[in-house]
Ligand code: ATP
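Take a look at this single chain in structure tokens; it is the form predicted on its own.
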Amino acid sequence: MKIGLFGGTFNPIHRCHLAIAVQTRDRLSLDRVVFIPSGDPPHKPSESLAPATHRFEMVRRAIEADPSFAISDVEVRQATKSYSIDTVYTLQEEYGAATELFFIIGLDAFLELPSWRQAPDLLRSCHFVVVSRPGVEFLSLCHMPLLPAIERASLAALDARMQDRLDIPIPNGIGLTLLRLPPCDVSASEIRRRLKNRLSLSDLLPAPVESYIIRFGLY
């Protein structure tokens, strides 16, 4: 089994989250993508977050029609802050050694990896899949700590859309894949702003999620 781990606050989950999951699943031939809503993330201010129970339910409703998608409450059920290294170790035990885990992360978040708890161990623990994000260049990885040397020309080719994938071996690790995906510039912060100001959402959200937000008066 090849399983993608797609974590995030999903505050709220929107159509670009789903597009990333679909495209990564198809490009890497993953058997399943598991969405992991965060509980109390150490790198995000909690004031802007909807309660974890609501975010979990919105994700569940957004993905329920796709049998290749699943959801985990591994972080939501924790009473303390959630760290990715603990999540990966927990899921490795849950799925067993025969399952290969792929940690799906946006390029902007990946650049912050050196500040994460046990970052070197996390990078070696599973196959990382770094997907393109609007306004962030893959060339930013040239001098990123923890990574082996990467040819500038290869990163520039990703940024220029001359290639859409680059596989990088990780010393004593499993591997790193850089993926350029089609641009999708929807942001959760813009959705929250629109909701707060009662502006049109223009199909930015899956219909079940929009209905849920309206029902409970979120954001």
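Throughout, we count residues from 1 along the sequence that is shown. Just so we're clear, the structure is a prediction, and the values are computed from it rather than from any experiment.
Missing here is the form predicted together with the ligand; even so, the following discussion is about that form.
Contact check for residue 192: a heavy atom falls within 4.5 Å of the ligand in the model of the complex.
Within this chain, residue 147 is remote from the site of the ligand in the model of the complex, having no heavy atom within 4.5 Å. Interface residue remark: residue 134 is counted as part of the site for the ligand in the model of the complex, having a heavy atom within 4.5 Å. Heavy atoms of residue 186 reach within 4.5 Å of the ligand in the model of the complex, making it an interface residue. Site annotation in the model of the complex: the residue of 86, 108, 73, 100 reaching within 4.5 Å of the ligand with a heavy atom is 108. Residues with any non-hydrogen atom within 4.5 angstroms of the ligand in the model of the complex fall in just one of 139 to 147, 73 to 81, 125 to 133, 86 to 94: 125 to 133.
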